[in-house]
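Take a look at this single chain in structure tokens; it is the form predicted on its own.
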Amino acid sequence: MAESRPPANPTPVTTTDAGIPAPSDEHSLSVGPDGPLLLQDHYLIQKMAQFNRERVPERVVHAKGGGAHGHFEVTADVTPYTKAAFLSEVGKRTDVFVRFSTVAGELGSADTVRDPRGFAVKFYTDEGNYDLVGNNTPIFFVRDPSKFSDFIHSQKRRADTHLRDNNMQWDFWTLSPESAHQVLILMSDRGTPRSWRHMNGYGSHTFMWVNAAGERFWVKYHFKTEQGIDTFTDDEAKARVSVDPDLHIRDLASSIRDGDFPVWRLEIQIMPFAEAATYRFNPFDLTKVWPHADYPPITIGRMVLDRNPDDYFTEVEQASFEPANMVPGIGPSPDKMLLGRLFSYPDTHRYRIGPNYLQLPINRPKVPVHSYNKDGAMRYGPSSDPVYAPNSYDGPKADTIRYGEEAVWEADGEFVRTAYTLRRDDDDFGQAGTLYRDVMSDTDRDHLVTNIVGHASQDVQVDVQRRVVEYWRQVDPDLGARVGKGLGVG
């Protein structure tokens, strides 16, 4: 008789979340086979209570998304511009986690709808986490954070019917002329990328870099896809909604699983610190790009995504990105939208995930954390005495010599509520017009007009449609005339 041996990989025993072996996978504890259930069935109570709570509130924006792990490698010497440790030498690699997303849609929305795409990168650097939180466009709809919540409300659902409403969107856009540059990109085929792998990513804002000598520079980030830009037409994107609403999530995961790792090269634009004061338009205005002729892009690195998440919820859904996470050598600029986001992002994470969201594995830095924070919901990292500063008991101390405030600029003036001070080339329609006339192909322009007319024809009131025509006429007279003809309100 053959000797009985246990299987090489025995099936694990089901346990409670506390690790205690579970009594049954299928049956609750009852008084007899037909009797009532018992409150003392702790495993049943745990399963039901956990199920009731397994959804955290979805993100207000960027709710639907996916992500992957990878690395960033420096390919050019940028030490003349920044002392950031993760950029300190050619060949240095830093682990990253990247999350892609739509902006306006909810968790169940389709990946291929017309929408900007979020492009958020978390660098796990030697000096803590650096979060670069951007989109697949180099600009945005508004330049002041006071209008951000209003903009998002206009893209979401009506309060009365709970329906998306194109009239609401065009009403906001046409009353906010600074939106024209971004809306033109959104209404082009760039608004419906074929996959996340086939689109660029941008830091969008202007940031400050500081080198070891204390010299300051202004910088913009451009992640250029090495897969090439590829987009859907409007009809193709709409058809994909019913065929595969999770197309972009599926595409990223399958490409990585098959070893076809997506790659982006990082290009930067550098502006000498002093030039910002006299540049022909405000370089911190998020609705504008820096022309490449003025500040040519410089390739400095390469980002590769090569590992899928093991668990979507713990790694993608609970990932938190915040523009305020800047490492030494990098700081903010006077970009008003950026300054507003420094508060907004960590605040929403504390609400959505909890006050100790940075202790979650996906968010936790890969360097030791020494702070005086303590307690709060879901805290599991140790707090050790002393828990206050200053103290006499060898608690951590800030190094103000090495890490003091250096990424700063001067500002003065009376308290005002206004846009940036206007300069020679500060207008809301000029760059959008250049994009339409000088960058787009005839096919791009045809698709743009078709997309605008199709979108603005759906339940948009006639008076708003007239504003739509005037809005695009200010971008370019030909564009306005074509939109007017398409809408029949020329």
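The first residue of the shown sequence is 1; numbering continues from there. No experiment lies behind these values; they were computed from the predicted model shown.
The same protein also has a form predicted in complex with a small molecule, omitted here; what follows describes it.
In the model of the complex, at least one heavy atom of Gln431 sits within 4.5 Å of the small molecule. The small molecule is not shown here, but in the model of the complex it comes within 4.5 Å of a heavy atom of His292. Using a 4.5 Å cutoff between non-hydrogen atoms, Lys122 does not count as a contact of the small molecule in the model of the complex. Looking at Ile185, you'd find a heavy atom of it within 4.5 angstroms of the small molecule in the model of the complex. Of the stretches 23-31, 436-444, 418-426, 45-53, only 436-444 has residues with a heavy atom within 4.5 Å of the small molecule in the model of the complex. Residue in contact with the small molecule in the model of the complex (any heavy atom within 4.5 Å), chosen from Arg190, Arg99, Arg240, Arg117: Arg190.
When you look in the model of the complex, the only residue of Lys224, Lys92, Lys156, Arg250 with a non-hydrogen atom within 4.5 Å of the small molecule is Lys224. For the three residues His181, Tyr202 and Gln269, a heavy atom within 4.5 Å of the small molecule turns up in the model of the complex in every case.
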